[in-house]
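A lone chain, given as structure tokens: the form predicted alone.
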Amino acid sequence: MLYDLIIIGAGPAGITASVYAVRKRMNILVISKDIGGQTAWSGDIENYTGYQFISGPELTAKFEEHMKKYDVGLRENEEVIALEKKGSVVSIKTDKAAYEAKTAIVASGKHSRELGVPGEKEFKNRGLTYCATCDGPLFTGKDVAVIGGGNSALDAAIQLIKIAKHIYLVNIKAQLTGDKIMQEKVRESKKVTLLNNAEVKAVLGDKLVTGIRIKEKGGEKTLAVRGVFVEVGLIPNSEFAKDLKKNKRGEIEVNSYNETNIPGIFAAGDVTDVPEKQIIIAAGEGAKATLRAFKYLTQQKT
């Protein structure tokens, strides 16, 4: 089957793109490893218009409900491994099948950056995790460490304040870089110890995590913790799109119309070089990408 549009990813950008596409009566397919993307991992969300407060999993459920209301064709648990344009057709290969479309939107988001230190791989899912929303409850009443200083790290710390006994917030930079209101929530809690200018050198443990070794100006020391939450940034899921132009961070470069360097292939959300990575921005970019793809198809027919 030759689809009008294939959307890669089902986070805020991909789901919004799919809703707009179905309302345009386009024949579409959505391919994604999961539903919700980074939104599903978020904790408390207080800046998404229409919701004064909603959790990441709850907002993800709303997105999925909206998408499925329109009976969108979905291939879940499939990973795209290749994307290329041959003539007027966009070819997409996954780990399970191959598809073709007249246009495509890459909305594949990002994934967690690793620390790259000894012990990280050995203790992954054995005390070390990249998702406070998913795994936080496993560390109820325990001392933990959150690695990072941006919004993701602050969000993780805020979630863990309600769960853990004590939280060490280990930030390699001199100052926190996340939103001021989130910084205030973290600083107000007596359960959080902030360690700026501190670098993780190793994750320690036996069968499970027992601590981390960090380096500060005064030298190295060990923090006895049972959980390590890594929140040091995200990497674009763009490796499969080898022909698309990217910046030095691996983000797909798009113009204001969400067009890439290849006509007929568009991109939206966190996988692109759009400056701010926010749920509401990703959703808006997804809508823009579909509208442009629809116009592209109309012009092609003409």
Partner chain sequence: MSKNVKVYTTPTCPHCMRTKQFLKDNNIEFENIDVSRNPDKAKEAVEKSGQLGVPVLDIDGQIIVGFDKEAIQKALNT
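Residue numbers count along the first chain shown, from 1. Since the model is a prediction, treat every value here as computed from it, not as a measurement.
What follows is about the form predicted together with the partner chain, which we do not show.
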{"item": "Contact test in the predicted bound form: residue 206 vs the partner chain, heavy atoms, 4.5 Å", "value": "no"}
{"item": "Any non-hydrogen atom of residue 76 within 4.5 angstroms of the partner chain in the predicted bound form", "value": "yes"}
{"item": "Partner contact for residue 175 in the predicted bound form: the partner chain, 4.5 angstroms, heavy atom", "value": "no"}
{"item": "is_contact(residue 135, the partner chain) in the predicted bound form, heavy atom dist at most 4.5 Å", "value": "yes"}
{"item": "Residues 52, 62 and 93 all lining the partner chain in the predicted bound form, heavy atom within 4.5 Å", "value": "no"}
{"item": "Position in contact with the partner chain when the complex is considered in the predicted bound form, options 35, 28, 254, 31, heavy atoms within 4.5 Å", "value": "35"}
{"item": "The partner chain: the contacting residue among 57, 233, 250, 264 in the predicted bound form [heavy atom, 4.5 Å]", "value": "57"}
{"item": "Heavy atom contact within 4.5 Å of the partner chain in the predicted bound form, the stretch among 182-190, 136-144, 216-224, 100-108", "value": "136-144"}
{"item": "The partner chain in the predicted bound form - contacting residues of 21-41, heavy atom within 4.5 Å", "value": "35, 40, 41"}
